[in-house]
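Given as C-alpha cells, the chain that follows is alone and in the form predicted on its own.
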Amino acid sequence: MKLSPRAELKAKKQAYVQDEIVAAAAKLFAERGYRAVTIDDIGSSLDYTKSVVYYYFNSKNEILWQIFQRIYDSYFESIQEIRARNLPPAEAMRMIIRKHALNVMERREWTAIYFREESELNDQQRREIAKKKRQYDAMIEEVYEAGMEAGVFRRMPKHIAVSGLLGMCNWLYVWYKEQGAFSAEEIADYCVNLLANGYLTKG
C-alpha cells in the first residue's frame, strides 16, 4: 500500500534519525568500547535527549545489532553486484577483494566494532551473524572454485583460500589512516595486486 505524502515524509525523517543515531553510536563504540558508552552519551553526541534515542531504539543492544546487520548488508550488496555481471573468475575475484578492502577501510570504525564487540551480542544474534558470514564466504568460495575449474586459480581448499584473502583485507582497519600517505583506493589496489600476483618478482 502506498504511503500518503505525510506518512512518507515521516518515514524518511525516522530513517534519517535512525541513521544518525547508529552512526554516532558506531563512532563512540569504536572509540571507547561498547560497555563504556551509555544511551545518554549517544544522545548527547547528537544534542538529543535520552528519550529521543529510546524513541527509535529499545536498547543499546538494538543499536549494536543494527551496526552488525548493516555491515553485512553492505557486504552482500557488493558481492551480488559483482556476481550479477557474470565476469570471468579472475576478474570477479579482483573486484571482490578490492571492494572488500574498501568496505573495511571506508567503514573502519564499524569493522573495529565487528571484531571487538561480537561477544556483546546475544546468543541468537551471534548465531545469525555466524550464518551471514558463512553465506558471504560461500559466495566468494564459489568464485574461487570456478577459478580452479578454469585453471586460473591454484588448487587448494577453497575455504582456506578465501579465509586467507579476506583475512589480509580485514586487518586494514587496524593501521589504515584517512590522512595517511596512501588513499584507500591505492591500498585496495596494492592488496589486489599482492594477493593475485604474490610478492616475488618474475624470475
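Residue numbers here begin at 1 and follow the sequence given. All figures in this text were calculated on a predicted structure; none of them were measured in a lab.
Unshown form predicted together with another copy of the chain; subsequent notes refer to it.
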| property | result |
| --- | --- |
| Heavy atom distance at most 4.5 Å to another copy of the chain in the predicted complex, all of R94, L165 and L195 | yes |
| Another copy of the chain contact at A161 in the predicted complex, heavy atom, 4.5 Å | yes |
| Contact label in the predicted complex: K27 to another copy of the chain, heavy atom within 4.5 Å | no |
| Heavy atom of E31 within 4.5 Å of another copy of the chain in the predicted complex | yes |
| R116 within 4.5 Å of another copy of the chain in the predicted complex, heavy atoms | yes |
| Another copy of the chain: the contacting residue among F68, F57, F153, Y136 in the predicted complex [heavy atom, 4.5 Å] | F153 |
